[in-house]
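A lone chain, given as structure tokens: the form predicted on its own.
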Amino acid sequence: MNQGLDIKINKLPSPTWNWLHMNETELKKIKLDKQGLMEEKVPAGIDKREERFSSFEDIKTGMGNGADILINSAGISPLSFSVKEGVKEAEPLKLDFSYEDGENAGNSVELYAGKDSEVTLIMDYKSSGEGLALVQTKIHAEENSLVRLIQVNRHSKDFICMNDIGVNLSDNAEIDIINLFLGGKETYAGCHTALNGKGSRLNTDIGYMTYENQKLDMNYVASHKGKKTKSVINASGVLKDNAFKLFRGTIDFLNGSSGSEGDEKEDVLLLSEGVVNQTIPLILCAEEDVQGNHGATIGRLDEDLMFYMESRGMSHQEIYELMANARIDAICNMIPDEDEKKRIQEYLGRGMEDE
């Protein structure tokens, strides 16, 4: 009987002091028993295939080979999609993942975007009860292509979610990533983007709402290899009750990436005394002619703002909810799909207001 595997995930590209316990995350006795249930809506301009793209095996992901080991050990078959050269698909490719109580399931998704193509991939996760799900997504974007990746975590409060992303970008290719983490007992998220081609671009927007005893562990890496590449990583979230959050954000300028730029920013709102917030921004540089910036805004609600809103008849709880929802709504409004926006509002308990 499979008792599970001990794996290490979300490893920093360059380790910091061991006593901080932030270099990586170790998970004990993790196992996947089956392929996860998924519903799909595939537009006419996107081709589906039941076999793996051989070149995708070399795509590095944010979680690292620990996620690959889990996927391979469980015999999870990839679901692969491709967009042909020059095709600009207006309708999004939608993948809905649903996990039942007691499941330990995995899914593997691959997307190939041909030269001069354009595609949007929306992935929605939901579950009931307890369990674990690992979803690994690998993307290769050819020259001058544009990929939009949107992932929304709407898991139940006792579920464990592992979300792993790996991206390779060719010359002048661009990817826009939106990650919204709203539920789950434990969420582990990794994303590695290799800006291999000249002029390639990465835009990442992360939103999270973490409360009670929830745990959120993230590792985002922008690896600049091509000349004049650009990356932007923005994270904005709320911590409440006894929640724990660890954000690792790395901008890595490799040899040959001259003229490249990288920006990383995190904005964290702390709504309770018992939260644990850890942030470790890294800028690694093996090239001289580059520009990297990082910053973090971490704090509680301003007392003057609290006084002003209380004088308008709002309670502390109403003020906290308003500020928390504002951050999530800012990310939600970036999603170019009204059905997905409605799902998010319903999950947050605000879905009936406009009906």
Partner chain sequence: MREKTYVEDVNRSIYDIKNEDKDSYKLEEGLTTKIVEQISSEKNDPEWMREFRLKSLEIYNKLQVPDWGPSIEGLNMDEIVTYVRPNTHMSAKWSEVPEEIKETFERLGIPKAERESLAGVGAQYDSELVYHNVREEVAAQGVIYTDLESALRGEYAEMIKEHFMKLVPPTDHKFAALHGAVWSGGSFVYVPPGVSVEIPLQSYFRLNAPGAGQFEHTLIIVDEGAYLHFIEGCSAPKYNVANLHAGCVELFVGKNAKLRYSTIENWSKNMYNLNTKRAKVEEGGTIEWVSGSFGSHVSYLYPMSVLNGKGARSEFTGITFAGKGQNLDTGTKVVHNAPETTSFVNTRSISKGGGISTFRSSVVVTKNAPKSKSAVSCQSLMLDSESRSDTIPAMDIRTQDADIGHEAKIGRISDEAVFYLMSRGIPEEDAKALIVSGFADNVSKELPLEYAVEMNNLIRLEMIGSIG
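Positions refer to the first chain, counted from 1. None of the values given here were measured: they were computed from a predicted structure.
One more form of this protein exists, namely the form predicted together with its partner chain; it is left out here, but the text below deals with it.
A.B. asks: Considering non-hydrogen atoms and a 4.5 Å limit, does its partner chain approach Asn213 in the predicted bound form?
C.D. replies: Asn213 lies outside the contact set for its partner chain.
A.B. asks: Taking 4.5 angstroms as the cut-off for heavy atoms, does His294 touch its partner chain in the predicted bound form?
C.D. replies: His294: yes, in contact with its partner chain in the predicted bound form.
A.B. asks: In the predicted bound form, does Val276 come within 4.5 Å of its partner chain, counting heavy atoms only?
C.D. replies: Close contact exists here: in the predicted bound form, Val276 approaches its partner chain to within 4.5 Å, heavy atoms only.
A.B. asks: Within a 4.5 Å heavy atom cut-off, is Thr16 in contact with its partner chain in the predicted bound form?
C.D. replies: Yes, Thr16 is a contact residue.
A.B. asks: Among 267 to 275, 214 to 222, 167 to 175, 68 to 76, which stretch has residues whose heavy atoms lie within 4.5 Å of its partner chain in the predicted bound form?
C.D. replies: Among the listed stretches, the partner-contacting one is 267 to 275.
A.B. asks: To verify the annotation, which of these, Leu284, Val232, Val87, Leu146, has a non-hydrogen atom within 4.5 Å of its partner chain in the predicted bound form?
C.D. replies: Flagged contact: Leu284.
A.B. asks: Just one of Leu27, Val290, Ile328, Ile46 has a heavy atom within 4.5 angstroms of its partner chain in the predicted bound form, so which one?
C.D. replies: Flagged contact: Val290.
A.B. asks: Though the partner is not shown here, which residues of 253 to 270 have a heavy atom within 4.5 Å of its partner chain in the predicted bound form?
C.D. replies: In sequence order, Phe253, Asn255, Leu270 come within 4.5 Å of the partner.
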